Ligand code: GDP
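Quick heads-up: it's one chain on its own, the form predicted on its own, in structure tokens.
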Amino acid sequence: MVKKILKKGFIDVVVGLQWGDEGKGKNIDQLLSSRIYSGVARFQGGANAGHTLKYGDTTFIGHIVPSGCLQKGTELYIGNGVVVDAVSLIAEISQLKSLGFDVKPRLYISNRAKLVSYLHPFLDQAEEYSRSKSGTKVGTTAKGIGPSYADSRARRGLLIGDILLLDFNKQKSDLLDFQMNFLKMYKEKYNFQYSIKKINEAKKKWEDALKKLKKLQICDVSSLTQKRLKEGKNILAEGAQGVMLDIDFGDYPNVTSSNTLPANVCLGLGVPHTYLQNIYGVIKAYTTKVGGGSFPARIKDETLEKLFQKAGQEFGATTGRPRMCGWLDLFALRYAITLSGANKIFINKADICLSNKIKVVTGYKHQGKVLKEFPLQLSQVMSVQTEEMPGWGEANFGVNNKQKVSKELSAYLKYIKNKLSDLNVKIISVGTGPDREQFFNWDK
């Protein structure tokens, strides 16, 4: 007979259900305002994430530090599934302190998290350069995330806990020699040019950051989070990127380098699945995407797409790149919900609607046939099925009362709910602006 794990606290998960950039930071802030969570945990990704947080007049864009950083008293955990850019982490801690938020006493970093080296970003750039020769660029953030995960899987990478060991310098030297040889290969084979001056500058910043990193709370986060859960405390796990960028179930190879699905919480934090409770999925009222690969739902009217970009501030928080804008893709959304197990949904940017008519993608076609299953690669999609509905202009900006919502947006939300009714999900909140109070509850 299997012994049942004694469960006191629980873990809720926030995950993007599109291609990332859904506005998860705001929704995490909403959930934390309920005061039922004692901590927030990152379980995958790295400095390629960009979570924009607002607290009064304070705006902070986080890349490594968990989104609970502006909630004083909330513990912050960086799990073993994260690849840590030490320079970015130290810079964020410093910036937060200047804003009045000293996170050092409540920040815990897994000794099993992966360490991004100063050469990883150069390798990232080199790989993208080599792909550009064949027209297969992925469109990475060039933060060294992919090469860092690759080194980890090849069992030659460095762990955060390694920096505390006596033989760290030897480990570091061996890895950096290996990476430098790789860079030289890219130069010889693909004529990728790199600056020794920039590499030396990056090395100095990295070495300085490692000295400060040593002074932070590096520990067994798996043991610590399980201890908190057994004490009856609840934890909110935040995902980076989105389900459609998952390395196994996204549009491979145009994906991120980690598993973005809630199932990875267990591996990325080191906790049993029995602690998982609610899965909060986050979407926008439309769809955006950055990076390489196909985007079936993309708005065909270039002028209209640019209006969405401007109104929705659709520029990457990490890279500043303009995001491709598209209609809500229900075919991809249903796929993401079934993969993630999301049971509650936040819809953001419902105030961004700049046309009299809007479309919703309901299916994909290949060679004239409607696809019944999500395709292995989105390049297989030749056309999409759409349904058209009335738009609502700027009528709903800042609305925080369900009763004051325009009839067009109300009809749109009911339409989405009906289309997802068989998946047993609830639309619990609809965002109508960037500020924390600009939302309304929809389906409790």
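A residue's number is simply how far along the shown sequence it sits, counting from 1. The shown structure was predicted, so the numbers you read here are calculated from the model rather than taken from an experiment.
The same protein also exists as the form predicted together with guanosine-5'-diphosphate; that form is not shown, yet it is the one meant from here on.
For the chain shown alone, residue 429 is not a contact residue for guanosine-5'-diphosphate in the predicted complex, no non-hydrogen atom being within 4.5 angstroms. In the predicted complex, none of the heavy atoms of residue 340 sits within 4.5 Å of a heavy atom of guanosine-5'-diphosphate. Using a 4.5 angstroms limit between non-hydrogen atoms, residue 87 is distant from guanosine-5'-diphosphate in the predicted complex. Shown alone here, residue 115 lies farther than 4.5 Å from guanosine-5'-diphosphate in the predicted complex, counting heavy atoms only. Partner proximity in the predicted complex, defined as non-hydrogen atoms within 4.5 angstroms of guanosine-5'-diphosphate, places exactly one of 216-224, 351-359, 329-337, 197-205 at the interface: 351-359.
For the options 38, 380, 400, 52, the one in contact with guanosine-5'-diphosphate in the predicted complex, meaning a heavy atom within 4.5 Å, is 52. Scanning 10-26 for heavy atoms within 4.5 Å of guanosine-5'-diphosphate in the predicted complex gives 21, 22, 23, 24, 25, 26 in sequence order.
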